[in-house]
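What follows is a single chain, given as structure tokens, in the form predicted alone.
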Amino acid sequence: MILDLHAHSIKSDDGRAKVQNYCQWITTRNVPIDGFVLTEHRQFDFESDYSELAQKFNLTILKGAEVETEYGHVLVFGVTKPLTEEFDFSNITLKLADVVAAANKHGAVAVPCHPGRVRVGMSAHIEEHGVPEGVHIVETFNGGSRGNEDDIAQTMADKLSYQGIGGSDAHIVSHIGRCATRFSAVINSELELVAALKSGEFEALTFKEDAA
């Protein structure tokens, strides 16, 4: 099963895509993914129910979050109400250690995203803060990466023995599915996604035309 693990809708402050339009684009353009995860910026969207859209388009549509730490941006999968009470998702100065600890406590997974990016990527902050504890997975393929940012991410992942995921980081409809993650398991819920990530049985994929 192939899922794009990093996408933003109009629920994010800079997102310009409606979820239905993502579904239509995937279907009409034969984008090679089975679904996607909406990781809205600095929040978890408890309100939206995409089950009807998922059924209509035969796609898996899940939700996560993207938060901001001193090591850059971090995707959080398996978000629950108790987890959102552990720290303020809207805080742009979170400590990665706190996010990781809270995720572990509540059965979630924290994954630094676009780690090869300047300022908002983990690799840019290791020299200052050191190698963080508790990180096992990073996003090695990001659909919005430029230049050698994915190469930097992969080099860091190899050096630190991290596994890699892929996500488009889509903010507009046509970017969905640029990068994704292949799982050996079938995934229909956030709980199943967390279990699949913890199993380690996955690989990052890129479908970007400019990828080497």
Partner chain sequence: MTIVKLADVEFGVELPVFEPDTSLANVQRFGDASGWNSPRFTDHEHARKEGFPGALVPGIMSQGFLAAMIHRWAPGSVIENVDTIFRAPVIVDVAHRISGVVTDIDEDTGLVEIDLTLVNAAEETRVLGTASVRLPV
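Residue numbers count along the first chain shown, from 1. None of the values given here were measured: they were computed from a predicted structure.
The next section is about a form of this same protein that is not shown, the form predicted in complex with the partner chain.
Contact between S161 and the partner chain in the model of the complex is not found at the 4.5 Å heavy atom cutoff. Under a 4.5 angstroms non-hydrogen atom cutoff, the partner chain in the model of the complex lacks S48 among its neighbouring residues. The partner chain is not drawn, but in the model of the complex it has no heavy atom within 4.5 Å of A185. The partner chain in the model of the complex is approached by R146, whose closest heavy atom lies within 4.5 angstroms of it.
Annotation: in the model of the complex, residues K95, H125 and H136 none come within 4.5 Å of the partner chain through any heavy atom. Heavy atoms within 4.5 Å of the partner chain in the model of the complex are found in one stretch of 48 to 56, 150 to 158, 32 to 40, 164 to 172, which is 164 to 172. Residues K18, N21, Q24, W25, T28, R29 are the members of 17 to 46 with a non-hydrogen atom no more than 4.5 angstroms from the partner chain in the model of the complex.
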